[in-house]
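Take a look at this single chain in structure tokens; it is the form predicted alone.
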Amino acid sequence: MTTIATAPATPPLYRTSIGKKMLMAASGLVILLWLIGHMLGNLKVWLNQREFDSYAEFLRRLGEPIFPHTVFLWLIRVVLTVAFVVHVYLAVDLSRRNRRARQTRYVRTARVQADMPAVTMRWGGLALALFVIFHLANFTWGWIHPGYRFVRGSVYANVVGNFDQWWLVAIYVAAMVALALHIYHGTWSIFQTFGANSRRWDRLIRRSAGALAIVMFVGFVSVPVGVLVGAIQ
């Protein structure tokens, strides 16, 4: 009896390296869009306390009356949490795959084409993951509030009280440096993953990614620094 060899089954896209890179890029894009909106909302603190607290209350009322109070905001948080978990998991998984794919380690480890953001993506990503937990404990949960009284719902007062501490400002500025590097390399990688870049457009994409990273850094850092120097009171 003749045995007919069958071709091995093709794994689903999400299990391949390409599929995982696409999912990682998509989850990163979701996070990036939220960060842009978050930065723009944070800049309202430069107007006055009433405007900033009104903006915070607006977020809690999103979706009303279709959704009950804060429910739509929680849906956004769930989507962000899923995107964040997926992004981190795939980053670790792809990193492990790359290690296993190396048969031998190079004696010379000079990185010819890797720029600083690419080299620091791994450790910068870890630092950002830890910072997210710190940020939630600082502003959302109210567990970390040295030197001031945390009042749930008093967003403006909490921001001013928090960033009146120089060492907290230093932590946030350092985290935003890591974020800017991550945004620069990540934005370029999104175009690369979906095949939207080419030699012709690579320079423009890199410059645009760099410009976005700088704008995000300045926008986020302006708030803690503004409080520390007394421009926001």
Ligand code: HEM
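Residue indices: 1-based, along the sequence shown. Note that this is a predicted model, so its numbers are computed, not measured.
In what follows, reference is made to the form predicted together with the ligand, a form of this protein that is not presented.
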{"query": "Any non-hydrogen atom of residue 44 within 4.5 angstroms of the ligand in the predicted complex", "finding": "no"}
{"query": "Close approach of residue 190 to the ligand in the predicted complex, 4.5 Å, heavy atom", "finding": "yes"}
{"query": "The ligand contact at residue 129 in the predicted complex, heavy atom, 4.5 Å", "finding": "yes"}
{"query": "Partner proximity in the predicted complex: residue 176 to the ligand, non-hydrogen atom cutoff 4.5 Å", "finding": "no"}
{"query": "Candidate stretches 44-52, 201-209, 25-33, 168-176 - the one whose heavy atoms come within 4.5 Å of the ligand in the predicted complex", "finding": "25-33"}
{"query": "All of 84, 121 and 125 within 4.5 Å of the ligand in the predicted complex, heavy atom check", "finding": "yes"}
{"query": "Stretch 150-169: residues contacting the ligand in the predicted complex, 4.5 Å heavy atom cut-off", "finding": "none"}
